[in-house]
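Just the one chain here, the form predicted alone, laid out as structure tokens.
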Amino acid sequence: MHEDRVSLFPKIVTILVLIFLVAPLVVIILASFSPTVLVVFPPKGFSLKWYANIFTSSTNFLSGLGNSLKVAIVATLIDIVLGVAAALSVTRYTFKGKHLLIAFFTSPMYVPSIAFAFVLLRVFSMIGGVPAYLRILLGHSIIIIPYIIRNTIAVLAGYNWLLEDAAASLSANPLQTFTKVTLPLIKPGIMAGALLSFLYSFDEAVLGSLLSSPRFITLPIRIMNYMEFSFDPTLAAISTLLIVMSLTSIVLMERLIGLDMFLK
């Protein structure tokens, strides 16, 4: 009887935590279909006009979406090359200061975004003439690369390096060994890190708030600027679309690589 009570308590706590996390999302999704200007719950009807409002030129959400995708995709592609090379170098070879180098590669995860953004702002102010796109791209490339490195290292921890020696003994050159042997085996870690890095870059607002310009503004900053002057269900509608995008990414991660690899 005592064991049943003990096992029941964690279940109740788990259910309460899930309700606490999911309830705000449900409220946002339902409020996005409200026909009234004020955000009310439950909504007093059904309307899609706030979703249509997202695509009007007055909100500028589409331009912000394009800028966010441009930064997130390019930064992720750059960091895949740099992150995989860094992960291979620190796992393939043993040298003095190896763990210190790994800590350096992953250090952007532990630096507050506002402090890092302020430093970048000072540096670019001293240089001058750097476009906002390049400023944000450089900042995002630095803050998301640890996720690719960590996930790739997690896969390489169980990698058998003798496979590369076997491929070399069969007359495979280094490029063939990497593309035919190494890359297929570490691809799950790379994909997990790339998806996480893309989502982080796409949703990042601190760097964008300090490094953007009137000509280049990302979607999170567009949303923040919109909130300053109006607060209607348009924000709930675009939040719902972002929730759907995040859930789609989770489903893709589960289908392609498995969430267990992603959670590493």
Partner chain sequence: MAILQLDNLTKRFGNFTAVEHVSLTVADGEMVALLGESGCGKTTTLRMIAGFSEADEGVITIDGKVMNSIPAYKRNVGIFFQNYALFPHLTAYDNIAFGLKVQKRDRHEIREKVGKIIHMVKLDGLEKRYPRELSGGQQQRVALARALVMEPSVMLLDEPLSNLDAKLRIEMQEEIKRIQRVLGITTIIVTHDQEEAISLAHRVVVMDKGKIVQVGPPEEVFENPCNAFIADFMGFVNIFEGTVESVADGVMCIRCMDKLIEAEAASCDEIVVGEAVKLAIRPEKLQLSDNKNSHNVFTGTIESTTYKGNITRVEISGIITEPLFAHKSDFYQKPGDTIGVYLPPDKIRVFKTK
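Heads up, when I say rigid core I mean the largest set of C-alphas that superpose within 1.5 Å between the two forms. Residue numbers count along the first chain shown, from 1. Everything quoted here is computed from the prediction, not taken from an experiment.
Another form, the form predicted in complex with the partner chain, is not on view; read the next lines as being about it.
J.: Check 60, 66 and 74: does every one of them have a heavy atom within 4.5 Å of the partner chain in the predicted bound form?
T.: Result no, not one residue of the spot touches the partner chain.
J.: Taking the partner chain as it sits in the predicted bound form, is residue 190 near enough to touch it, meaning that at least one heavy atom pair lies within 4.5 angstroms?
T.: Outside the cut-off, so no.
J.: How about residue 128: is it within 4.5 Å of the partner chain in the predicted bound form, going by heavy atoms?
T.: No.
J.: In the predicted bound form, does residue 99 come within 4.5 Å of the partner chain, counting heavy atoms only?
T.: Judged by the heavy-atom cut-off of 4.5 Å, residue 99 is well away from the partner chain in the predicted bound form.
J.: Considering only heavy atoms, tell me if residue 162 and the partner chain come within 4.5 Å of each other in the predicted bound form.
T.: Contact check for residue 162: yes, within 4.5 Å of the partner chain in the predicted bound form.
J.: Let me know which residues along 175 to 207 have a heavy atom within 4.5 Å of the partner chain in the predicted bound form, or say none if there are none.
T.: Contacting residues: 176, 180, 181, 184, 185.
J.: So with the core overlaid, does the Cα of residue 175 end up 2 Å or more away between the shown form and the other one?
T.: After core superposition, the C-alpha of residue 175 moves 2 Å or more between the shown form and the other one.
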